[in-house]
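The chain below stands alone, shown as structure tokens; this is the form predicted alone.
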């Protein structure tokens, strides 16, 4: 029975490893796109930047950026927790707080993007 638990956790680690690499690869072009968009709007007033963020051609990649970024952050922090926290109760609490924080801050970021989109 103990061997089954090891096998399950080993597969979970492989999935996390692959997902972290996928999110990292997705973040590269998305961050380049974001930096390009920000640089092209240097000196623009607030209305111009809001109009850029409200454009559907901007909302979709920005949403993908937020999703990939918070997924990548959660996986990376989970790896640190799993590697360096050896007390099971503390590890469980920190894992919950890690997920909670990523969902909370990611939700606020998505809400902000949507509110800019629909009010601009």
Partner chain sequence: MATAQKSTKFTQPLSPHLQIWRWTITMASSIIHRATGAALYMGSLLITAWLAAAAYGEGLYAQLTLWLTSPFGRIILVGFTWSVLFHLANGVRHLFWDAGVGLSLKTARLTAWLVFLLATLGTAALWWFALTHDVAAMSGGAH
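Note that the coordinates shown come from a computational prediction; the quantities given were computed from them, not determined experimentally. Positions refer to the first chain, counted from 1.
What comes next is about the form predicted in complex with its partner chain, which is not displayed.
When its partner chain is considered in the model of the complex, residue 64 lies well away from it, no heavy atom lying within 4.5 Å. Using a 4.5 angstroms threshold between heavy atoms, residue 59 stays clear of its partner chain in the model of the complex. Within this chain, residue 80 lines the site of its partner chain in the model of the complex, having a heavy atom no more than 4.5 Å away. Looking at residue 68, you'd find every heavy atom of it more than 4.5 angstroms from its partner chain in the model of the complex.
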